[in-house]
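So this first bit is one chain, no partners, the form predicted alone, shown in structure tokens.
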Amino acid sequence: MTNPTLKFSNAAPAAAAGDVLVVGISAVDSKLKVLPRSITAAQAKKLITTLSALGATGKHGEQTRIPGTGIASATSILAVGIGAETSTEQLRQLTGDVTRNLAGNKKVSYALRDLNDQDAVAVAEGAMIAAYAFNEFRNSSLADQKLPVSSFTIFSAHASKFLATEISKLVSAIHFARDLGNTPPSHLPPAEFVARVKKAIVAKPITAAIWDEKKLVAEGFGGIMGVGQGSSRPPRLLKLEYKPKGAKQHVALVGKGITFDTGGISLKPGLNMHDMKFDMSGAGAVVASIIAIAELGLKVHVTAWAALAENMPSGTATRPGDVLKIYGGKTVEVLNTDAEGRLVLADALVKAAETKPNYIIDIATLTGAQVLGMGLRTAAIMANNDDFRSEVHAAAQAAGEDMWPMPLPEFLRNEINSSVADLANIGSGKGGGMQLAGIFLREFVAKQTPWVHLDIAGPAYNQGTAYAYNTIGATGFAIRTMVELARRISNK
């Protein structure tokens, strides 16, 4: 795991030693201007003269690097254009982009926009999240890699040591989830996932309970066992619990953890099947979220359920036409074994509801339809409760994660009727696949319990080139939203 250090400072930025001082600039009436509080007027004049000679325009996102000699103590200065209408999230993304470009440097200082504490958080989070690399399986190629920045100083009049500690704890949890997502499936079967999480919660106020394959069978978890029985590496159900004194609200987080998804008997095409190691991102998100919430000491009772299985097409695997009995008694006709995530989630949702939470949220890389409909950077929010859906959406917007509410139309419910069981795991295939998956899951949640389903199939991992604070691979998406939501619920 990459663990950069972070501190805030209200001192003079130009006096900071290090490899790079990043300074914000803008263009006012076609003239370059250094953002307030970055450096002194005399230093700014020298900087602008040099930048103008190099043709810098100050447009948003433009990066121009010059030696620090005569202006700052840092070895070099990187001037970064920041537009007048730049939002807080755009500032976070811009900082991430700059940080990735500065890989290979050790100490970097930021003197960017500092209008309020939101700016301070955005710059710090953008830098810290972007300072990530997964090099566990590199040997001969490791020397060729530019390592992420390891130390950040953020110059701000609106931050504190306490805030730096909080951001560091949050980002550490995000990087843990990214490590889980990036680990090859050969090294992360369900039992190993559990082992890594147990190691991560040592000395934290979190308890763990584990259902192995024998206990899953004995207690009737037909969805998890039905999906996982085709693998030589058996499934698991992991429950984590954080229950601080004074907590008045209970939130249950449920995560899909298909540690590798071949599609089962309904085998996926070979193209990009290697990306199916990311199909456990929902489970990674919920365990990382409860770790962050506990580390931050938020006054909210949280249980996190990770339903873990490998979906393999061996001779013992569930077949199309089989009927599975989900925990709690409902039966499901399996028409497509590649619609397996909803089967393991169904078991976990029913089990999670037994603890009588005030709210339930499930997180899953559930459908290709979500990607087709919403692209690679926006998650879908579906719910049985409009108010809670809006609450989650507001938390996502505050955290800077792109999510959008989607309906669960009642007329689609008949699409998942079965002629032999209580319901089928897919519809007719004539569209609405994302919502049909949500409607399926809704069948396993009591109407009176506010429930939200997050389909994060697109933004959970980055298949293309790096962008903003996201490197290639697992992104740790939804963790910031869950922490923000827990913070808001704890204040109720």
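Keep in mind the model is a prediction, meaning the values are calculated, not measured. Numbering starts at 1 and follows the sequence shown.
Keep in mind the form predicted in complex with a small molecule is missing from the figure; the text below concerns it.
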Candidate stretches 32 to 40, 45 to 53, 60 to 68, 453 to 461, one within 4.5 Å of the small molecule in the predicted bound form by heavy atom: 453 to 461
Residues I167, S168 and E295 are flagged as a possible site; in the predicted bound form, is every one of them within 4.5 Å of the small molecule by some non-hydrogen atom? no
In the predicted bound form, the residue from E89, D97, D338, E192 that sits within 4.5 Å of the small molecule by heavy atoms: D338
Though the small molecule is not shown, can you say which of A103, A247, V371, A353 has a heavy atom within 4.5 Å of it in the predicted bound form? V371
Does at least one non-hydrogen atom of M276 fall within 4.5 angstroms of the small molecule in the predicted bound form? yes
Using the partner position in the predicted bound form, report whether R178 sits within 4.5 Å of the small molecule, counting heavy atoms only. no
Taking any heavy atom pair closer than or equal to 4.5 Å as contact, tell me whether L423 reaches the small molecule in the predicted bound form. no
Non-hydrogen atom contact V254 with the small molecule in the predicted bound form at 4.5 angstroms: no
